[in-house]
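As a starting point, one isolated chain is supplied in structure tokens, in the form predicted alone.
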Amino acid sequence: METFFEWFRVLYDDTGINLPFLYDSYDRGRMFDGFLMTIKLSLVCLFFSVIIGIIGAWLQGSSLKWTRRIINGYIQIFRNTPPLVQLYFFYFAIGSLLPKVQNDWGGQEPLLGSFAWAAISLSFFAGAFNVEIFRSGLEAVPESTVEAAEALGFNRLQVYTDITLPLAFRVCLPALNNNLVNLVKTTTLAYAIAVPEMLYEANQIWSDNVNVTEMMLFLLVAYFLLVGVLVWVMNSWERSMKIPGYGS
């Protein structure tokens, strides 16, 4: 393995193509940590954005007028403002209002770190779109299905969790897939508040080695492969959940 990594050092000496995250163990560790951070942030945001979408779609059908208004207001705010502005708002505006906590060295640090704010902000951002995606899926479920469940004694929550949501989930999976793919790509915005994900670590490396071209090409390939794996998984999931004859 060391011989493989040393080949890239020879490549740099012979051609000037500089890929230090391959031949230098320190940069390799930084980039690997950034890759893991990107995956961690993506998984957290994917999970919570879907949960927000499911809960929000249910609350949209509430009989309480103000509940529906709050959900619709949330959707409009997060769909109609840039995600970077939202990220800065959470990190700088709301973060500054929270109390400080004492760290192990006797100093003060924010209650929530940059990773937590990135996860919160991006989850709410994607969740707003997921609410509308799930709502469209719920509207595709025949009303007769809901009436039949109510006739059997199901309450509103049971109808949603056991009847309409499973059917709607299958209908809205293509749109949900697209939104989740976009969410993974949007995690690069966490760089703006110093979350050490792939773009942040790549920036540190090209600042040290002045190899912007090589690092940007690597990022393009890395995100192409990462998102490609997600698309393959989601498409496989979509095919496995398809009901023959339903929704066609």
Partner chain sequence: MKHTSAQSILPVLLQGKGKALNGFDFSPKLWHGVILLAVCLLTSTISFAQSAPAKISVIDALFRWMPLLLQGFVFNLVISVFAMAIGTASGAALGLGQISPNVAIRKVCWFVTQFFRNSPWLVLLFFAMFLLPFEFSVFGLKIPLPDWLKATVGLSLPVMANVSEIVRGAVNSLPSGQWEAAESLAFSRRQTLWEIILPQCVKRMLPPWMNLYAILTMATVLASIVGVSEVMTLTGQALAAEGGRTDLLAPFYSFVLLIFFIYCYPIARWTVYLEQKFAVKG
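Source: prediction; values computed, not measured. Just so we're on the same page, rigid core means the largest C-alpha set that superposes within 1.5 Å between forms. Numbering follows the first chain given and starts at 1.
One more form of this protein should be noted, the form predicted together with the partner chain, which is absent from this view; the next part is about it.
Enquirer: Ok, Leu220, Leu36, Ile55, Leu43: which has a heavy atom sitting within 4.5 Å of the partner chain in the predicted complex?
Expert: Going through each option in turn, the one that passes is Leu220.
Enquirer: Is the partner chain close enough to Leu112, Asn130 and Asn177 in the predicted complex that each of the three has a heavy atom within 4.5 Å of it?
Expert: Judged in the predicted complex, none of Leu112, Asn130 and Asn177 sits within 4.5 Å of the partner chain.
Enquirer: Taking the shortest heavy atom distance, is Phe48 within 4.5 Å of the partner chain in the predicted complex?
Expert: It does not: once the partner chain is placed as it appears in the predicted complex, Phe48 has no heavy atom within 4.5 Å of it.
Enquirer: Is Val212 close enough to touch the partner chain in the predicted complex, meaning at least one heavy atom pair within 4.5 Å?
Expert: Because a heavy atom of Val212 falls inside 4.5 Å of the partner chain in the predicted complex, the answer is yes.
Enquirer: Though only this chain appears here, would Gln204 touch the partner chain in the predicted complex if you measure heavy atom gaps against 4.5 Å?
Expert: Output for Gln204 is no: heavy atoms all beyond 4.5 Å of the partner chain.
Enquirer: Val227: heavy atom within 4.5 Å of the partner chain in the predicted complex?
Expert: Heavy-atom contact with the partner chain at 4.5 Å: present for Val227.
Enquirer: Need the contact residues for 158 to 192: heavy atom within 4.5 Å of the partner chain in the predicted complex, sequence order, or none if there are none.
Expert: Residues within 4.5 Å: Lys185, Thr188, Leu189, Tyr191, Ala192.
Enquirer: With both forms fitted on the core, check whether the Cα of Asn130 differs by 2 Å or more between this form and the one not shown.
Expert: For Asn130, whose C-alpha is compared between this form and the one not shown after core superposition, the shift is less than 2 Å.
Enquirer: After fitting the rigid core, is the C-alpha of Ser121 off by 2 Å or more between this form and the one not shown?
Expert: Result for Ser121: no, shift under 2 Å.
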